[in-house]
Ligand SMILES: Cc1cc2nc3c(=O)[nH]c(=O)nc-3n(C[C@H](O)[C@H](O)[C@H](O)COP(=O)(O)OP(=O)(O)OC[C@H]3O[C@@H](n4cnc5c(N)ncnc54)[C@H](O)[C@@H]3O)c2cc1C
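The chain below stands alone and is given in structure tokens; this is the form predicted alone.
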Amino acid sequence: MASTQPSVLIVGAGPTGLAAALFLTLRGVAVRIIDQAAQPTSHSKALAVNGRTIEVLRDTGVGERILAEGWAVQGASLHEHDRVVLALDLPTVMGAQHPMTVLPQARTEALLAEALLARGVTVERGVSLKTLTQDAARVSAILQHPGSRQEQVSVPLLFGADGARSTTREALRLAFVGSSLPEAWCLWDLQMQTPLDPLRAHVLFEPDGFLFALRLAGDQWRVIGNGAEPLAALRRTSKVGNVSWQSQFHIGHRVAAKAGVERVALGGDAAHIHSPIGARGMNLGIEDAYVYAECAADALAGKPERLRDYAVLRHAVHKDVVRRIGLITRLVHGRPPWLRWVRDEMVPVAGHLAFAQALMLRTVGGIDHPLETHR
């Protein structure tokens, strides 16, 4: 914890919370960051860092480290019946200064934490938010430490980056509006010998759903699927080896009713969740952190209206991005059968059209909306 009295309490030390702490520290704002987990996660939900994220991290030094450690995705390929029916190249996506870079989320978090530590800020682990209240001048919170010890704190601002089951959001009594897909999606990190191009992301349309495959490093791949036997599609052409991690998750597309209430703001999964299609979750959260840091620093310097700027600007972005990713997900999802027919017949055709390619590339690149910090 920083030695000076914190001006911002950050709840949650995932990529959004870590990035917010780092951006605020660079602006001279004293922060305190807590996380209920005793240790950082060793598994990575997010894999790709888009060009906008690398750009906003440029002044922290983390952006260059991501580029140095990761590898640049050269393109995306759509497969039907074991053949490529659509291929999109992904250089530096239109207007982005850096390529989409593959680096597991756990490593991105480690780089952010190292940059924070170099500036004298450490994550307080095993500490969670229990309750909060606020008035015109301060936010009061009760923190739960390991064991039974509780701590009462008072800070000017609080930023909730505590995930989809956010205690911060619940304390604000904000609805998490949206819907969920009924079936579980499966995820594997596995070894694979495959003819799939290792420098590209791959989407395979299957009769009962879809499959996504992206190389992590070497012969290790991330595979996500929603069919009855997702790996069977890969085994037609590839040799699947050791599985190092396997998980199931459910897909929801939800946005908090507000991105902030007075002196408390939300970012990352606490404010928005959607499917991994488009690789936007972690990237959108880091973008939240960037905008919040500027608005919060201004508010602490005597411009309280800037907190309202954050809430209004980011809520609009959250709704727009989640709506777009939700539409794409439902199309790729391939259920019910009539929608699968539309997907199989129309997507390969539409994907060759310039405007459709531009939309897909801008979505993946994170530049489908302007990065605004002022209303």
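Residue numbers here begin at 1 and follow the sequence given. If you're wondering where the values come from, they're calculated on a predicted model, not measured in any experiment.
Although it is not shown, the form predicted together with this ligand is what the next lines describe.
This ligand is not drawn, but in the model of the complex it has no heavy atom within 4.5 Å of residue 24. Among residues of the shown chain, residue 287 is not one whose heavy atoms approach this ligand to within 4.5 Å in the model of the complex. Among residues of the shown chain, residue 139 is not one whose heavy atoms approach this ligand to within 4.5 Å in the model of the complex. Taking non-hydrogen atoms only, residue 45 approaches this ligand to within 4.5 angstroms in the model of the complex. Contact with this ligand, judged by heavy atoms within 4.5 Å in the model of the complex, is confined among 298-306, 148-156, 68-76, 265-273 to 265-273. In the model of the complex, this ligand lies within 4.5 angstroms of at least one heavy atom of each of the following residues of 12-47: 12, 13, 14, 15, 16, 17, 34, 35, 36, 37, 45, 46, 47, in sequence order.
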